[in-house]
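Given as structure tokens, the chain that follows is alone and in the form predicted on its own.
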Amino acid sequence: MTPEHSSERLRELGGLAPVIPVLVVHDAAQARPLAQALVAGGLPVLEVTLRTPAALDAIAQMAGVPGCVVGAGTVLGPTDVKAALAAGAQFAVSPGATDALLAACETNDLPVLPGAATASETMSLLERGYSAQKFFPAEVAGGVRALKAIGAPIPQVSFCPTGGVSPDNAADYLALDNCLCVGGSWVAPANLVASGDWEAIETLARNAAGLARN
């Protein structure tokens, strides 16, 4: 898969909803009902971070949920790419980008949203062909003002800001011309997942799905 086709696919996915839930799953048994609640609330594209032993099993469970497009987050290299694909991930998200990671995604036809935090990183990825990128860590890297500033000289790139994005600032990001969607964990807080309160999570998802975009 070429970088151009990868970014085209991520733009399509980012257009399905204004928020991509960023999920840390500790118990794979909760994965399917969690995905069902989020999809029912209007958030069909989900990112499961590879930060727990249950992550790959969770991806496999979510891949079978009707209407769900599940990807792997915190993908750091070729080993993660292969594991994510084997679990059923349909895309990858990385906090940054290395040649080895990008090459593995391209070779294995896995669309990837590579991370960038500066204009130089953004330019390097764009030079390779990636016009859809993750702005991370969004708030630490300067937030809405930084993303707007990067967009002025590099309007070709669309971003999914992630890291510190919340209901309080999501709308500000989504109002930017270069914001494709946002990534956030607030739609599936740990306490609600642990208690299995899927109705409350569906409500949070529905509220997030209703956020206005530029």
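All values derive from a computational prediction rather than experimental measurement. Start at 1 and count along the sequence shown; that's the residue number.
The same protein also has a form predicted together with a small molecule, omitted here; what follows describes it.
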*Would residue 22 count as touching the small molecule in the predicted bound form under a 4.5 Å heavy atom rule?*
yes
* Answer for residue 51 alone: is it within 4.5 Å of the small molecule in the predicted bound form, judged on heavy atom distances? => yes
*4.5 Å heavy atom contact, residue 151 and the small molecule in the predicted bound form*: no
Would residue 163 show up as a contact with the small molecule in the predicted bound form if we use heavy atoms at 4.5 Å?
-> yes
Of the candidate stretches 35-43, 56-64, 181-189, 141-149, the one with residues having heavy atoms within 4.5 Å of the small molecule in the predicted bound form is 181-189
